[in-house]
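Here we start with a single chain on its own, the form predicted on its own, put down as structure tokens.
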Amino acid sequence: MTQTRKTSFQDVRDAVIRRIQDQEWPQGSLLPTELELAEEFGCARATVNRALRELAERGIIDRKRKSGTRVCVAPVKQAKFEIAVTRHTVEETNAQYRYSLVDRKQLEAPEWLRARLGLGGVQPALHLRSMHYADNQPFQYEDRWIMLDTVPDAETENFEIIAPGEWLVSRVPFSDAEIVFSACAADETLGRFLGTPTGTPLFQVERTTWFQGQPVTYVRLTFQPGYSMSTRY
């Protein structure tokens, strides 16, 4: 007996995209309701909801509670950047990963960091510097601050075995993030850790994350010469 495959949210999503591309549903037009689409595709309403939610996140449709779902007049593509674990990034290239903690200090957050995070007064923080290697070659220098009022468990973690970024991803959720990409010239410290002459152009990422309005961490990641980063949208 042949078993019929259930309609997935990907099926619904792709069908909606095709109809928009074929001008069956032109820009600004109102889509059928979730219930109507569920009946048409023979699936649960929750399946349709998930498909439409993804299309809304991609800027293809606009969903409003009382006025329904419409095709965006000027669809906006949104690039999504995933916070990757450095170990995974290295291992995906079939290289052997190694992590080393350079130093760990608990102190008050400096004025420049409090200003960046919009904080006032004394704020306890953990300052961590570490190195990541691929096949024993310098891959990434990490300079990180963890805010202990938001992440008190970090105070008792020594970070000698697990990198702080990997620890945070597995332990602490975040609701907002700010990411800045830039180029920088290697100073004496970066040159020493990344094994490159002073003044060498390097790729740098600065990332700040918050959870429910409270700052979690600020990190500056600097990569070895020649590193590039890509995202899909």
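Residue numbers here begin at 1 and follow the sequence given. As the structure is a prediction and not an experimental result, all values here were calculated from the model. Just so we're on the same page, rigid core means the largest C-alpha set that superposes within 1.5 Å between forms.
The discussion below concerns the form predicted in complex with the DNA, not included here.
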Check: Is the DNA in the predicted complex near all of Q10, N49 and K66, within 4.5 Å of a heavy atom of each?
Finding: yes
Students should find that, of G59, G42, P26, P173, the residue having a non-hydrogen atom no more than 4.5 angstroms from the DNA in the predicted complex is G42
message = Against the DNA in the predicted complex, would E34 count as a contact residue? Criterion: heavy atoms within 4.5 Å.
response = yes
* Within a 4.5 Å heavy atom cut-off, is R192 in contact with the DNA in the predicted complex? -> no
Testing 204 to 212, 50 to 58, 164 to 172, 179 to 187 against the DNA in the predicted complex with a 4.5 Å heavy atom criterion leaves exactly one stretch, namely 50 to 58
Item checked: Per-residue C-alpha change between the shown form and the other one, V216, threshold 2 Å, rigid core fit -> no
Check: Hey, does S182 budge by 2 Å or more at the Cα between the shown form and the other one once the core is superposed?
Finding: no
